[in-house]
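Only one chain is given next, in structure tokens, and it is the form predicted on its own.
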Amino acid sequence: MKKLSDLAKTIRSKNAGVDKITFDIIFTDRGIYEQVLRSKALTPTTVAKLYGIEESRIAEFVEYDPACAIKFTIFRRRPSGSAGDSDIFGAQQYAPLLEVKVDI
């Protein structure tokens, strides 16, 4: 088992409009990218469990082979910048991904 943060070059999150946050996990090695895909460590179901949300809050989930990247977008609980929003840019939401265990 390895941590996703040890396998990916980039793990980040950011706003995708005021109502969504998008996440990018980018790999530099195609072989590792393909092993992560086969491991099923990141699927809409595992992402929903990781973030404690319903799968219906995942707007998109894409395995983008040309860039060796996994991208997903979730609907925010509240609009960016509204009262009670603790991360106006959505840039701090990637942290749970760092510790995801990948069976490779």
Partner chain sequence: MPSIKIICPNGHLGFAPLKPDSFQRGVAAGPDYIAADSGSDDIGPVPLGTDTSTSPEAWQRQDLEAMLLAARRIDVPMIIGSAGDTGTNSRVDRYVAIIQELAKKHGLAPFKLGYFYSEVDKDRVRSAIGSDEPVLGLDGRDPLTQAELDATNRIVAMAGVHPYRKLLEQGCDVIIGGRSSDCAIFAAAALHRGTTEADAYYLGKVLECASFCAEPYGAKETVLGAVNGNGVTVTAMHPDQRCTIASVAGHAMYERSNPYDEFVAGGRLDMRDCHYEQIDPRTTRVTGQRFVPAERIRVKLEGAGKVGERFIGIASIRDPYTIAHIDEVIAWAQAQVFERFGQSGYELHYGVYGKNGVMGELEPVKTPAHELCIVVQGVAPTEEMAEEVCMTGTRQLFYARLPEVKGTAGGVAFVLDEVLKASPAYRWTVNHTLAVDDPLELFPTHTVTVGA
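In this text, all values refer to a predicted model and were calculated from it rather than measured experimentally. Residue numbers count along the first chain shown, from 1.
Although not depicted, the form predicted in complex with the partner chain is the subject of the following passage.
A.B. asks: Are any of the heavy atoms in residue 74 no more than 4.5 Å from a heavy atom of the partner chain in the predicted bound form?
C.D. replies: The answer is yes: residue 74 has a heavy atom within 4.5 Å of the partner chain.
A.B. asks: Closest heavy atom of residue 88 to the partner chain in the predicted bound form, within 4.5 Å or not?
C.D. replies: Result yes; residue 88 sits at the interface with the partner chain in the predicted bound form.
A.B. asks: Within a 4.5 Å heavy atom cut-off, is residue 18 in contact with the partner chain in the predicted bound form?
C.D. replies: Contact with the partner chain, yes.
A.B. asks: According to a 4.5 angstroms non-hydrogen atom cut-off, is residue 37 in contact with the partner chain in the predicted bound form?
C.D. replies: Contact check for residue 37: no, nothing within 4.5 Å of the partner chain in the predicted bound form.
A.B. asks: Given a 4.5 Å distance limit between heavy atoms, list every residue of 81-96 close to the partner chain in the predicted bound form, or none if there are none.
C.D. replies: Counting only heavy atoms within 4.5 Å of the partner chain in the predicted bound form, the contacting residues of 81-96 are 81, 82, 83, 84, 86, 87, 88, 89, 92, 93, 96.
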